[in-house]
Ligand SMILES: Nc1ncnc2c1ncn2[C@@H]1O[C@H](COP(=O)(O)OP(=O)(O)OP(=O)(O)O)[C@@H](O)[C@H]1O
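Presented as structure tokens, the chain that follows is alone, the form predicted on its own.
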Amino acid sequence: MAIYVTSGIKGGSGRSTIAENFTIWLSRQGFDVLLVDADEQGTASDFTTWREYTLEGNVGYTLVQLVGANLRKQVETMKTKYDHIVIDTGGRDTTSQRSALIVADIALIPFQPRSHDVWTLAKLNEMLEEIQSSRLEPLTVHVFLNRADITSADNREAAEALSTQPSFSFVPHLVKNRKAYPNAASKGLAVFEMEEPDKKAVSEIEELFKYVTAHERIPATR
């Protein structure tokens, strides 16, 4: 059992898209998955509403909305009921996000390959250091490029900056900025569930998820 959180302190990096697709991907592996919407904007909840409409009610996972300091305690009480939990947080340093980072096993942090995103590294490292000091077991942190340019030197420069950071591991699988993701989200579907899926998008996101799950480092007490 693992608790994952999509995290970060810069808006627009695509955390909800990753959380939604990852939840569905885990469900399709046969796991009972809980998706926690911890973003005040409620993006994952809106996505699930569209999914209920598209699939006529059978979304394939359980959704709850939890925000604030109580998130940690509530997730702790529910973790024995599910195979995996995915928590989607907002793009700011909030109480909800910090609670999620403390209760989670693994953090997934997407970065856009833009200078304004890379400039947040110092603040991100500071937050992660504070979180790690509050935990009994270290949090595994994976950072990767999301909404990356199809072809751009920005991808390479951002990857170089992220790969040198000591507080997290850089995932060598980027997710590019493709129309397939918003097109699928508008129907409440993952990219691999579309009637005519974008094969490149499917390959990218599945490679990311396979890497993350293959590199799980879950504490022995789980």
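When you see a residue number, it is the position in the sequence shown, counting from 1. Being a predicted model, the structure only gives us computed values, none of them experimental.
The form predicted in complex with the ligand is left out here; the points below concern that form.
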Sort through V175, V171, A158, A38 and report the residue having a heavy atom within 4.5 Å of the ligand in the predicted complex.
V175
Contact assignment for the ligand in the predicted complex, among R98, H142, K79, R147, heavy atom within 4.5 Å:
R147
Candidate stretches 53-61, 39-47, 22-30, 161-169 - the one whose heavy atoms come within 4.5 Å of the ligand in the predicted complex:
39-47
Can G68 be called a contact residue for the ligand in the predicted complex at 4.5 Å between heavy atoms?
no
